[in-house]
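Next comes just one chain, in structure tokens: the form predicted on its own.
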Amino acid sequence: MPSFLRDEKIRGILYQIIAITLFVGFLFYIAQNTAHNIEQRGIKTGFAFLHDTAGFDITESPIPFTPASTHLKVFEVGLLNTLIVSFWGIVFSSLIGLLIGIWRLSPNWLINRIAAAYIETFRNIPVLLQILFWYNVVLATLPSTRHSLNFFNAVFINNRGFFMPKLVFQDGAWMIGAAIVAAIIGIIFVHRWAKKRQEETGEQFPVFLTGIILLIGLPLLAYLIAGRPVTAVYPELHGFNFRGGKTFTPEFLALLFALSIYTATFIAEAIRSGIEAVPKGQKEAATSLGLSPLQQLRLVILPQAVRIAIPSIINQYLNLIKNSSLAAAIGYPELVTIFAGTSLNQTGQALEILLITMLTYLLISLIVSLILNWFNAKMKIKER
């Protein structure tokens, strides 16, 4: 063996150079092989297809879309639908998971068993089967349009979806938005002030009640001052379907139900493990202070349990976003269904479309992970 190879540091550098060279060579081989296959099959390459006319319609679009729109517009619609269903899925799965996680440790035998049955049932069934179950079994068996479930002549539920009043914003509605922002800032200020006051005097301030009053009172006041600039359009039955109002299609509801219920099982387990990780002495100290069980949970146990559970919950949020691509099974027009599905079949440019789709999911996941990791760092207990 040459003398320089006897140096451990030089050997380490040499091994790393060899590993990088092999990896780059592998990538080069894959790229060259792919380019050769594309050339052999006569497939067009490039991103010019994004400006070609799509030629098909999309049943559910949050922005204006017609068959004359481009494939770039198809991408935008798919991305927005993915973000919408992921956002609401994260909201509902968090609420359900928090509730079930607390129930899982309830001393009440019945509630405890219900929570355990929920977790064991929905956690062990593939999410794709759950999507198909909600779509083909539950929502498909709802009444027909003419026999819709009617709630106060404003909300209708049938096998074509969920119909509810749609809010229409007119001039001056910006004041309501500004009032909501002001209320949120006010809540943050009150929370910090109440925390400082409690540290100095030991007296508590009803932050939660004050926050509710601010969040409802300020927008309501702005609504009245601005001359009631928000009206509602109610759905009405015309012929074989409802018109007007806001519509949630069965595809959207089935996907949302399945993602929320499935992901909530893992969040519930994360919350449960977080609660169990809180030192027993903390609970005993809270009891000795005379706090009620609800106060113990709200003021002592949950703030510490959530800090512990946040890293696990971040992973579940990322899984939920990626699982939204399973909507292709029921035709909900999210990113994979219409862009990596319909657009790909029409243009045949699989390499570009799949590359864009994969990079989009990667970017969304990295942004969500970055935000939640920042939140996790802010929530950590500062140790000296």
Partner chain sequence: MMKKLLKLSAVAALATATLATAGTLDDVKKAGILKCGVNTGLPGFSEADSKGQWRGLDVDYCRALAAVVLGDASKVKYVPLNAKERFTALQSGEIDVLSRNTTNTETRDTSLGINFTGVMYYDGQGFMVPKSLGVKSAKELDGATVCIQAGTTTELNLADYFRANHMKFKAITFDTNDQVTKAFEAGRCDVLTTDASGLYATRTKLANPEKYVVLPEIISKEPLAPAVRHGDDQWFDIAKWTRNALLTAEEKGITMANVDEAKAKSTDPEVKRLLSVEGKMCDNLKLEKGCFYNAIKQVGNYGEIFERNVGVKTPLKIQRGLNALWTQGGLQYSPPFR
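Positions refer to the first chain, counted from 1. In this text, all values refer to a predicted model and were calculated from it rather than measured experimentally. Heads up, when I say rigid core I mean the largest set of C-alphas that superpose within 1.5 Å between the two forms.
As for the form predicted together with the partner chain, it is not shown, yet the points below apply to it.
Undergrad: For Phe266, is any heavy atom within 4.5 Å of the partner chain in the predicted complex, or not?
TA: No, Phe266 stays farther than 4.5 Å from the partner chain in the predicted complex.
Undergrad: Just to confirm, Thr342 within 4.5 Å of the partner chain in the predicted complex by heavy atoms?
TA: Answer yes; at least one heavy atom of Thr342 falls within 4.5 Å of the partner chain in the predicted complex.
Undergrad: I'd like to know whether Tyr135 contacts the partner chain in the predicted complex, with contact meaning heavy atoms within 4.5 angstroms.
TA: Yes - in the predicted complex, heavy atoms of Tyr135 and the partner chain come within 4.5 Å of each other.
Undergrad: Would you classify Leu362 as touching the partner chain in the predicted complex, given a 4.5 Å non-hydrogen atom cut-off?
TA: Yes, Leu362 sits close enough to the partner chain in the predicted complex that at least one of its heavy atoms falls within 4.5 Å.
Undergrad: Between Pro250, Pro235, Gly274, Gly89, only one gets a heavy atom within 4.5 angstroms of the partner chain in the predicted complex; which residue is that?
TA: Checked against the cut-off, the match is Pro250.
Undergrad: Can you pick the one in Arg192, Arg146, Arg228, Arg298 that has a heavy atom within 4.5 Å of the partner chain in the predicted complex?
TA: Selected residue: Arg146.
Undergrad: So in the predicted complex, are Phe49, Ala183 and Ile188 all sitting within 4.5 Å of the partner chain, heavy atoms only?
TA: Contact check failed for every one of Phe49, Ala183 and Ile188.
Undergrad: Heavy atoms within 4.5 Å of the partner chain in the predicted complex: which stretch among 138-146, 194-202, 80-88, 94-102?
TA: Looking at the partner contacts, the answer comes out as 138-146.
Undergrad: Give, in sequence order, every residue of 306-343 that has a heavy atom within 4.5 Å of the partner chain in the predicted complex, or say none if there are no such residues.
TA: The stretch 306-343, when checked against the partner chain in the predicted complex, contributes Lys322, Ala328, Ala329, Ile330, Gly331, Thr337, Gly341, Thr342 at the 4.5 Å heavy-atom cut-off.
Undergrad: Relative to the superposed rigid core, does His147 relocate between this form and the one not shown - that is, does its Cα move 2 Å or more?
TA: His147: C-alpha displaced by 2 Å or more between this form and the one not shown.
Undergrad: Honestly, after the rigid core fit, is Asn241 moving at least 2 Å at Cα between this form and the one not shown?
TA: Result for Asn241: yes, a 2 Å-plus shift.
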